[in-house]
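Just the one chain here, the form predicted alone, laid out as structure tokens.
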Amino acid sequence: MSSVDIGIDLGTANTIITIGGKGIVVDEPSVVAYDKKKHQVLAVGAEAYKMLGRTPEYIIAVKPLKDGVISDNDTAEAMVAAFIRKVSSSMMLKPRIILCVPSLITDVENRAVIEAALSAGARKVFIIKEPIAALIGAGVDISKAKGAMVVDIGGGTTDIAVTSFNGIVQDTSIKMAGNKLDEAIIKYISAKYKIIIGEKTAEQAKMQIANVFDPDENKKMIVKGRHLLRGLPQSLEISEVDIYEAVIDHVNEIIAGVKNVLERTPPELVGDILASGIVLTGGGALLNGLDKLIQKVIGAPCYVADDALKCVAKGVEAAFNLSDELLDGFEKISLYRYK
């Protein structure tokens, strides 16, 4: 892979950028800070994230992706361009760029990120679908005429796909992922205990004491928030059972998506999946007990990929070497279409 090959995993929560020979060089929040008076980007990534909720009226700090899709084309384009310039400023040659985009992305949104890559000096632009990148990054050989299944649970969407012979056979994308689970925990704590907690607290609770397979009421943690009626700070002890009750309906939506894809998959490939198992990738794959629950409900082996958080980014980096082999979910953009 050339030293001027750049891979971009454009995620709802984080944007991860890889460079050939160096691996991951950027892993920062997908946030943009924009000065409306000067009409310029002030910061992207971690620096912009610090500004959320802390800026004057003429400066906006926003997340340009919501629920797995681009909600603001202009800021998304500005963010992609800024990240690319950040990592390619010292390069003598124009880079080739792979953009890994959400499965639900529209042609208009596609055009926005492609034009951002071109404006940042890309020599060639490729688009790759997240499930394909996730499987490659998880070390699954998708080149054979054999079924492989991935459930990639990110911040905004869960992408579910069955592949065979370098192509996508069946796939779906649902707007149920990490962010929705955090929101569910916040609503549950507020309704049951009349305590309002923040997004970061909810995420910490999900990571520390979530168990969607066999919750233990004796495993607990302390959360801090504001009492809904008194308006004063208050601490609260919650258990695995609380988190289970908060998120289980949403987790079942993901499992229903897995069922839906399998029902549309040819029987021969379902047989392959029964033998090789379902691969879980993305941050949501780390939800304790999720692999066991899916295995119990679906009846096929299920396992969490090594380094699940980085699978998509690793797959994007590796995809350059497979550009002549991938038949579906990987597209070389005709640059003249965007000039």
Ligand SMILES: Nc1ncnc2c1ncn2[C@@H]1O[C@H](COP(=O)(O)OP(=O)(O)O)[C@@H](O)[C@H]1O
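The structure presented is a predicted model; accordingly, all values stated were derived computationally and were not measured. In this text, residue numbers run from 1 along the sequence as written.
Here the subject shifts to the form predicted in complex with the named molecule, a form of this protein not shown in this document.
Asks: Go through 147, 156, 225, 95 and name the one with a heavy atom inside 4.5 Å of the named molecule in the predicted complex.
Replies: Result of the distance check: 156.
Asks: Which residue, 26, 33, 293, 287, has a heavy atom that falls within 4.5 Å of the named molecule in the predicted complex?
Replies: Among 26, 33, 293, 287, a heavy atom within 4.5 Å of the named molecule in the predicted complex occurs only for 287.
Asks: Consider residue 178 of the chain shown here, and say whether it contacts the named molecule in the predicted complex, taking contact as heavy atoms within 4.5 Å.
Replies: The answer is yes: residue 178 has a heavy atom within 4.5 Å of the named molecule.
Asks: Give a yes/no on whether residue 207 approaches the named molecule to within 4.5 Å in the predicted complex, heavy atoms considered.
Replies: Yes - in the predicted complex, heavy atoms of residue 207 and the named molecule come within 4.5 Å of each other.
Asks: So in the predicted complex, does residue 72 come within 4.5 Å of the named molecule, heavy atom to heavy atom?
Replies: Residue 72: no, not in contact with the named molecule in the predicted complex.
Asks: Is there a non-hydrogen atom of residue 64 within 4.5 angstroms of a non-hydrogen atom of the named molecule in the predicted complex?
Replies: Residue-level check for residue 64: no, no contact with the named molecule.
Asks: Considering the named molecule in the predicted complex, find the one stretch among 51 to 59, 296 to 304, 275 to 283, 38 to 46 with heavy atoms no farther than 4.5 Å from it.
Replies: Result for this chain: 275 to 283.
Asks: At 4.5 angstroms, heavy atoms only, are 141, 160 and 315 all close to the named molecule in the predicted complex?
Replies: No.
Asks: Residue by residue through 294 to 322, tell me which have a non-hydrogen atom within 4.5 angstroms of the named molecule in the predicted complex.
Replies: The stretch touches the partner through 309 alone.
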